[in-house]
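One chain comes next, on its own, written out as C-alpha cells in the form predicted on its own.
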C-alpha cells in the first residue's frame, strides 16, 4: 500500500481529521516539542488534525487553533477564524492569553509571552511554479514567526513548515537568531514527492542582545573559570580575558537561554578627572 494511502487510512481508522496528525506525532517523537500542560497555538489549524494531537500531548494545557477556514468545534481547543497576517487576529489570540494569565496567574518571563509552543502548518495555494510557491511558503513562515515572537514565552518552541529551496537559508539564519537550536526535519508521514520540510526551533531567546552585536560593558563579576562577567539588562554575559572593574567594547559571540558569551574588541579606558 503506498505511503500516502497508509496515513490517510490510518487517520480514518484512528479518528484523526487529517493524515497530517502523524507528522506532528513524529515531530514530537523525535524532538519533544510539546509536553504535558504546555499551552499551544496552532496556526493554519484546519481541519484540526494537529489540534487533536496537541490536545493529547498537552493534556491540560490551553490549545488555540487559528485558520481562515472554519474549524469544526473540537473539545479541548479554542478556535479562531481569521487571517494570521492581520492584526485583528493576533489581538484575538492575545486577548485569550491575557484572560488565561489572569485566571491562572502565569507570569511573563522577561519580554516574552506566555505560550509554550507555536505550530504552523501553513502552506500557500499551489501555482505549479515552484520558485513562486517556495517563496510564498517562506513568506507564510515569516508571518507565523512574527506571531510566535509576540506570544512565545522565554524558552518556548516553534515548529514551522516550509518548502525547501534557495530562500530557506536566510530564513534559517533569522530563526537561529531567535532560538537556541534550529533543526530541519522531514517526518515519515510527509508524502515522498513533497518538497515540504519542518523547521524545529527550540528555546525562544529573549536576551536583549543578538549574535554579532557590539556593546560597551563594565565587568562586574568573575565566573568559575575566571572569565569576566558583564550584566546587560539583567542578562549575564561571560567575557574571557577581562577582569572586574574593567570596561570593554565587546562582540556577542553566542546567545543561550540564561547567559551568553562575548569576545573583547577594545578596552574602554576610564577618564581621569
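None of the values given here were measured: they were computed from a predicted structure. Numbering follows the first chain given and starts at 1.
Just so it is clear, the following notes concern the form predicted in complex with a small molecule, a form of the same protein that is not shown.
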{"item": "Per-stretch contact check against the small molecule in the model of the complex, the hit in 26-34, 63-71, 220-228, 243-251 (non-hydrogen atom, 4.5 angstroms)", "value": "63-71"}
{"item": "Contact residue in the model of the complex, from 57, 205, 209, 46 (heavy atom within 4.5 Å of the small molecule)", "value": "46"}
{"item": "Contacting member of 135, 172, 184, 123, with respect to the small molecule in the model of the complex [4.5 Å, heavy atom]", "value": "123"}
{"item": "Residue contact check: residue 140 to the small molecule in the model of the complex, 4.5 Å heavy atom", "value": "yes"}
{"item": "Partner contact for residue 84 in the model of the complex: the small molecule, 4.5 angstroms, heavy atom", "value": "yes"}
{"item": "Close approach of residue 20 to the small molecule in the model of the complex, 4.5 Å, heavy atom", "value": "yes"}
{"item": "Contact of residue 154 with the small molecule in the model of the complex (heavy atom, 4.5 Å)", "value": "no"}
